[in-house]
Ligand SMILES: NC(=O)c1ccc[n+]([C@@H]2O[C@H](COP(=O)([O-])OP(=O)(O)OC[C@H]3O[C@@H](n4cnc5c(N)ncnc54)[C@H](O)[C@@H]3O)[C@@H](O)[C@H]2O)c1
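Have a look below at one chain only, the form predicted on its own, in structure tokens format.
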């Protein structure tokens, strides 16, 4: 295992295999933070951890709170800085454990073992971790890179179709913004989930290597679909799945791009037709858009992508061609109260 300082943002070391085999490489002082449902579904995994320190967590947006951080921190008082933490679960588990790994004794080594396709495609790459405050998504966060990421395909066998769709949507986000050739190839024939996962990870890894701390204006591309995706999550009371929200947010970004004359209508229509959104995606968007504009403005004002009066949105000029654009309140509000609500 790497000897780099804990939390260093370096290219991820990906290891593919069975969790029960990979876990044997961990040092004696290891704490595994595990989604309790994963332990129930995968008895062999639970058995492989019988001699390890395991802290079960209940996955979901409710986990991402300062109260969780404090509760878990109290259980870690005797754990040294030389320990390794393992995040075994989906995106919410990964987010919380990343924050804990960053804060415990000013930083310990972290291993991600994503159990959802979404976490494998997105949150386990790039070192970001965050918790929510009130109804504001990811209000407090850190950068803390993993030393390794374990890709264990067996975990994906127990996912629902809705959970698989979340991961596919994030993967499509990568290709339509970053790689026109791959996007066109996927439009002809979408690869299986494991191939899709690997191609999308490679694209995101390249972006993170170029702009690890989001200071060069490159990593911001990963926010495509997230500006309104996070809003939709928040106004739904976090009942909307993150991947589904990003999928809806991509539709919002395509609409705004067309309105501003930046995204060609044909490009927007081709992307929307290819995205694996739920069949009722537009109906869900219209329902959520009934939330008052004032509430939306409050969420946007607390977001790190700008303010409600001047959003910084990632919009597409073509497949694989993007840029950040300032979108004024009049533009987004007319969409929110107009066609998104219709």
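Note that the rigid core is defined as the largest set of C-alphas that superpose within 1.5 Å between two forms. Numbering follows the first chain given and starts at 1. As the structure is a prediction and not an experimental result, all values here were calculated from the model.
Beyond what is shown, the protein has a form predicted in complex with the named molecule; the following relates to that form.
**Asked** All three of 165, 247 and 282 touching the named molecule in the predicted bound form at 4.5 Å, heavy atom to heavy atom?
**Response** Heavy-atom distance to the named molecule in the predicted bound form: none of the three under 4.5 Å.
**Message:** To test your reading of this chain, name the stretch in 86-94, 181-189, 256-264, 194-202 whose heavy atoms come within 4.5 Å of the named molecule in the predicted bound form.
**Reply:** Only one stretch qualifies here: 86-94.
**Message:** Within 4.5 Å, heavy atoms only, which of 41, 49, 302, 55 is in contact with the named molecule in the predicted bound form?
**Reply:** If I apply the 4.5 Å criterion carefully, the residue I get is 41.
**Prompt:** Of the options 149, 227, 234, 123, which one has a non-hydrogen atom that comes within 4.5 Å of the named molecule in the predicted bound form?
**Reply:** Exactly one listed residue reaches within 4.5 Å, namely 123.
**Message:** Is residue 60 part of the interface with the named molecule in the predicted bound form - any heavy atom within 4.5 Å?
**Reply:** Contact with the named molecule, yes.
**4.5 Å heavy atom contact, residue 118 and the named molecule in the predicted bound form** = Yes, contact at 4.5 Å.
**Prompt:** Does residue 37 reach the named molecule in the predicted bound form, with heavy atoms at most 4.5 Å apart?
**Reply:** So residue 37 counts as contacting the named molecule.
**Message:** Just checking whether residue 159 would be counted as a contact of the named molecule in the predicted bound form - the rule being heavy atoms within 4.5 angstroms.
**Reply:** Taking the distances in the predicted bound form, the answer for residue 159 is yes, it comes within 4.5 Å of the named molecule.
**Asked** Does residue 143 show a Cα shift reaching 2 Å between the shown form and the other one after rigid-core superposition?
**Response** Not so; residue 143 is displaced by less than 2 Å.
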